[in-house]
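Below you'll find only one chain, the form predicted alone, shown as structure tokens.
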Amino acid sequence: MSQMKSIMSMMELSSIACFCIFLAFLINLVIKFVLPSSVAERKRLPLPPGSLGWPYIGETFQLYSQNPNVFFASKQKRYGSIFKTHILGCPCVMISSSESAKFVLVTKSNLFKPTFPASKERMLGKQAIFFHQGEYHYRLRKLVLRAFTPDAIWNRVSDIESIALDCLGSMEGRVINTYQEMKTYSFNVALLSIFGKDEVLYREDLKRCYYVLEEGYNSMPINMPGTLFHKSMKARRELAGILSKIISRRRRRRRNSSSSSSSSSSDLLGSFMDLREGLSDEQIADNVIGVIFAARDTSASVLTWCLKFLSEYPSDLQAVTEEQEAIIRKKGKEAKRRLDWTDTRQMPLTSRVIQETLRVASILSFTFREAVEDVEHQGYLIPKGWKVLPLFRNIHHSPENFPEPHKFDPSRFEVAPKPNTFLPFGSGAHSCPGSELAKLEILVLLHHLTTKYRQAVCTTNFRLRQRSKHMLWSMMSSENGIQYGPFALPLNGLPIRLSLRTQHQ
């Protein structure tokens, strides 16, 4: 009997073994012939070449403490157009070709959700438009565009002009840090676009909290007392409280008003508070903070670089000045009349200077995306959860896309650049919805800066000081450096002194 049981057990084990072999054979057939081959191969795909640097810290300091051109170019030279790294606590894949940028941002955008490092995501708020795709993102983008399209901002020119004149007036006769002053200007324009003319009621409180918050945007997400991240998160909570009070005040005003149609469309807050959209206070606050973040530093950086490049290229400055003066002459007896939307559409030379500034300076060196699943690209595996960074700076500085890429030449934009090679505002469904507002505020300020003021960059150089008596703009070589972290900026924020032009200048 025991021998029979032993034989039976052996037969059962044999049957199980045969079944397992047969099952493995079937699975192999399914993988080979039924499933797409890329799924089977993906498990064997290598990661892109590159280095992840130190544990956790990665290569964050190497990127943010030096010329980003050096960091990106050295990586690209060593590893090619796609390579891995590790920044701000995240494993990343960086891509530096226009074709790959299109793949991530447009063609296969559904595989890459917009994102930021953990520190910035927590500071902006998880409900902000940057971190979503699909229906929620579509709704938010529609609301932002409602407030920022040309049809929405054409009647704000006069209000933006008032902010520009106040900004320039406060700068007269003193040495200023151009970047810091332009940040103030861009911040005030952003508040105008978000809160309408009521922004003056909240400006100082919002400024106080937001300025502390932004200091921690590129910090490590270590929320311990004494860290920059902890300090910024505390300011973020206070900022959310101020925004909650503003939203409540707007609701009370709506209830007391016989019609809410104007308030629901005249500014971004009104658009967000549209009852048909049903956004919560938290969603509104996160997106307001996100818009301020997107609008402030980038516009300020572009303006600062515009002044620097115009200082270095007198012929371009002369062309811009003549174009702006021609707009004034066209007004004739109405010369004191404020700028209007039509005027801003008659500045093609100035617009090309802005475009070339965006290209050469590449304020946004890259953008963040995150793979929502394992993705194969160019024979490499991009693992689910890894950040993917299209490198706009590399694309803008490629000689294949722009001959003599390091030369400042606005005339190159007399002809439209090749598709997917000029991406200062991103591309695809997640491109910057506020690009038209950014261009408008830059045009308005440059109009008054070139027609009302003369600029001399602070200098102790006698030769340049003598030249500045005969030139509208001058630049001193010792102030010609660049500083980094996180944006590339002229050294010391481009210190200048503004003085009103005399009638014969």
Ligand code: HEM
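Numbering starts at 1 and follows the sequence shown. Just so it is clear, the model here is predicted, and its values are computed rather than measured.
Note that the form predicted together with the ligand isn't included here; everything after this is about it.
- Taking the partner from elsewhere, every residue among 130, 295 and 358 has a non-hydrogen atom within 4.5 angstroms of the ligand in the predicted complex.
- The stretch that touches the ligand in the predicted complex, counting heavy atoms within 4.5 Å, is 299 to 307, out of 370 to 378, 299 to 307, 200 to 208, 322 to 330.
- Interface residue among 397, 141, 234, 412, judged by heavy atoms within 4.5 Å of the ligand in the predicted complex: 141.
- A heavy atom within 4.5 Å of the ligand in the predicted complex is found for exactly one of 270, 216, 125, 433: 433.
- Put simply, residue 152 is far from the ligand in the predicted complex: not one heavy atom of it is within 4.5 Å.
- Although the partner is absent from this view, residue 438 contacts the ligand in the predicted complex, with a non-hydrogen atom inside 4.5 angstroms.
- Mapping the unseen interface onto this chain, residue 285 falls outside it, with no heavy atom inside 4.5 Å of the ligand in the predicted complex.
- A residue is said to contact a partner when one of its heavy atoms sits within 4.5 Å of a partner heavy atom; residue 117 fails this definition for the ligand in the predicted complex, lying far away.
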